[in-house]
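Single chain ahead, by itself, as structure tokens, in the form predicted on its own.
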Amino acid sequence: MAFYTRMGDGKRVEMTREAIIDDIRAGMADAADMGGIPDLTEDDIAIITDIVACNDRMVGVAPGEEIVLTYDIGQLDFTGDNGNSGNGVDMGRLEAALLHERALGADTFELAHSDYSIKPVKPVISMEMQTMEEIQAEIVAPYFYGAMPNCGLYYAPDGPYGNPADLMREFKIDEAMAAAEAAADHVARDIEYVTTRLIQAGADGFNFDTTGSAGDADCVGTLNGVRMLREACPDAYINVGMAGESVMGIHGMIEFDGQIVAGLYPHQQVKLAQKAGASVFGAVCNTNTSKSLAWNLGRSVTFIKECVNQAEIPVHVDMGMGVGGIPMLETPPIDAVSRCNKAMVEVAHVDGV
């Protein structure tokens, strides 16, 4: 008997139960080998197999097993065009926040700048503070501010520092490393400036989205910024969500608290986030578009389960287009999304999504 399932690019395919099990094992083995972490148990594999092979279009968890849902990119999922995962619906940020709370039942939500990065928020910080204060007067759900650290904006041609990629192509290795370090310091300073003011304006917390997207210097700059925020605002809720399952080693040697961050996997990343002062960690596993949903899910759950096991803070796994086993589509199919979320709850035992 064949079951309808998906590929990592969203294509609908049929697979036998035996093929599904084989792909789950193969994905698991890939994660275990790369991360140096334990395999899933036979019971884990059986649960994931039943989830993938279920004939229902959507699946869910049992009553009482529900977890917290967090959201990134704020109102842009309504107002942005579909190139930015949005729906192109013209509305204000207040209306979008209240719709998420009152119509969609969002557990949490966040305010976001249209450019969704720390750097462009800085020159308009007073307006963002005013908007935060106004919306807080209307909303009941925890309401954060969200932005990407986005160290890439600090490199030429957009920023004041040389682009490490360009410098390395010219074999200027020392200059590339120095530029990355300077950008990381600048990111940390800007994080402190932006986040502390938004907390003062009433934000319930801050979501650092796609930490490490520009490599290991981006990750270190973010962690230092998180530490500054924690010192300035001891009670702040701080969510650190990663950009990928492994930190890209563009600098290669940059450290946080004596630890080289390049090449770290989720179960290692979470320990640095804890040291920096994060309240919640957003673990990531990237989807391989040429592999099946079963392969990607087996791999993702293996990484995230070990992260949860080693974490001392809640883990809210990143589940969306191209991460967490979910196919790489702007609007991922609900059959795949619900299966991946269920597996993360029942096997990886995540605290939130």
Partner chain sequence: MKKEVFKLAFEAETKNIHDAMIAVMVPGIVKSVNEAVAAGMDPNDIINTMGDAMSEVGVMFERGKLFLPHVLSAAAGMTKAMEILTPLMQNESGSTEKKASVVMGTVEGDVHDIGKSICSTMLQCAGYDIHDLGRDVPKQKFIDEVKGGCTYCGMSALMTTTMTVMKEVIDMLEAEGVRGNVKVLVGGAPITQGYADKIGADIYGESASETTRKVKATS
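Just so you know, these numbers come straight off a predicted model, no measurement behind them. Positions refer to the first chain, counted from 1.
Unshown form predicted in complex with the partner chain; subsequent notes refer to it.
Across the options 185-193, 120-128, 221-229, 256-264, residues that bring heavy atoms within 4.5 Å of the partner chain in the predicted bound form belong to 256-264. Remark: V89 does not count among the residues lining the partner chain in the predicted bound form, judged by a heavy atom distance of 4.5 Å or less.
Although the partner is absent from this view, T79 stays clear of the partner chain in the predicted bound form, with no non-hydrogen atom inside 4.5 angstroms.
Interface membership of A46, defined by any non-hydrogen atom within 4.5 Å of the partner chain in the predicted bound form, is ruled out. The shortest heavy atom separation between D22 and the partner chain in the predicted bound form exceeds 4.5 Å.
In the predicted bound form, N288, T289, S290 are the residues of 288-315 with at least one heavy atom within 4.5 Å of the partner chain, listed from first to last.
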